[in-house]
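Single chain ahead, written as structure tokens, the form predicted alone.
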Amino acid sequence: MFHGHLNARMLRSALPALSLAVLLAAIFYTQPRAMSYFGLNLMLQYAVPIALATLAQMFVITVNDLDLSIGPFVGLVACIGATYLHDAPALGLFMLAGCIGLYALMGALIHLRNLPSIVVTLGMSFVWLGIAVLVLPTPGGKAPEYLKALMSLQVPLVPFPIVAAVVIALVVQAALMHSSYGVVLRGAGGNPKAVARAGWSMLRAKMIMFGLAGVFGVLSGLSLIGLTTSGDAHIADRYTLYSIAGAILGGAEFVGGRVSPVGAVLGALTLTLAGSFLIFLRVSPDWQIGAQGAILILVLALRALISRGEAR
């Protein structure tokens, strides 16, 4: 029985990687030309901003909350990056730092007033979108040259999005899963009473995790305009759904502080590739979001079956 539980747990952990491998195999079978440096680079060009937004969502999920504002927030960062960060860098950096601070304060508000995170973040999504429209009323602006240079970087052998995704995943994995303070932060979601009894501040933990979500949201927005070269208040509207789906595909659960940074990045890559796969199959853009949802449901169904086997 012990070996059965162990095998089920290992299969559960490997599910994000297996999902990505199956999707890659389907893509290469459907479109063999995609199995090249250029093909992978083209399919995964937006993997970095989606992966960063997914990690931002993962930090919030770690403390048993959900962020419905990350998409509009990424859009706001893109607008600031394409205007103030380009024209007045010092002011742009100050505004981005202020956005991160507001994210941390949002976590404090949710904790101190015991408010539902879904309600608070949904309200903030309209605030972020409103500010973004004020900053950049119509699509335009110009991304700083260093962001464009970074996101168009050519790396030998392996495309830059893959290298960046691996580095980001490993850094966050080491910090959150293998450091002493990372254990405390995850414990704030897994067993908050025990963490509080041990003398750690739940308010600080909540603010740190929301602050980290803000940091990765900023990085997502800046990497996004490095690719698009201009800003738009609605440029990342779908990122809220992508981030939740990517985190769940990667093994995150809404209770218990159970998350996996590597899994979250793999989930983001899977969603990014799913869009390319559906294009190869000539699926209408109107149906693509539904098809991506179907992939998510399939993976969750497999996870539920594995969990049932693990419980026996």
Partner chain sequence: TIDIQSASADTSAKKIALSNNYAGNSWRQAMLKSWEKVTGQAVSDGIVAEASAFTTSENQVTEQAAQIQNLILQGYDAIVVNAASPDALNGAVKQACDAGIVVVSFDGIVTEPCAWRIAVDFKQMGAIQLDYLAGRIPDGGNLLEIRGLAGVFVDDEIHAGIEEGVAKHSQFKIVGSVHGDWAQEVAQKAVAGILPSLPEVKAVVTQGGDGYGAAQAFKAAGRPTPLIIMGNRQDELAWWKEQKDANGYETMSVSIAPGVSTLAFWVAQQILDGQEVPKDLVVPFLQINQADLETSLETTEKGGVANVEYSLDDAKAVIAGE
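Positions refer to the first chain, counted from 1. Keep in mind the model is a prediction, meaning the values are calculated, not measured. Take the two forms, superpose them, and find the largest set of C-alpha atoms that agree within 1.5 Å; that set is the rigid core.
Not pictured, yet referred to below: the form predicted in complex with its partner chain.
Although the partner is absent here, His86 sits far enough away that none of its heavy atoms falls within 4.5 Å of its partner chain in the predicted complex. Taking the partner from elsewhere, Tyr103 is found to have every heavy atom lying beyond 4.5 Å of its partner chain in the predicted complex. Contact between Ser19 and its partner chain in the predicted complex is not found at the 4.5 Å heavy atom cutoff. Not displayed here, its partner chain is approached by Ser276 to within 4.5 Å at the level of heavy atoms in the predicted complex. Here the chain stands by itself, but in the predicted complex one stretch of 230 to 238, 162 to 170, 87 to 95, 211 to 219, 230 to 238, has heavy atoms within 4.5 Å of its partner chain. Residues of 19 to 35 placing a heavy atom within 4.5 Å of its partner chain in the predicted complex, in sequence order: Gln31, Arg33, Ala34. Relative to the superposed rigid core, Ala25 undergoes a CA displacement smaller than 2 Å between the shown form and the other one. Distance between the C-alpha atoms of Asp65 and Ala294: longer by at least 3 Å in the predicted complex than in the displayed form.
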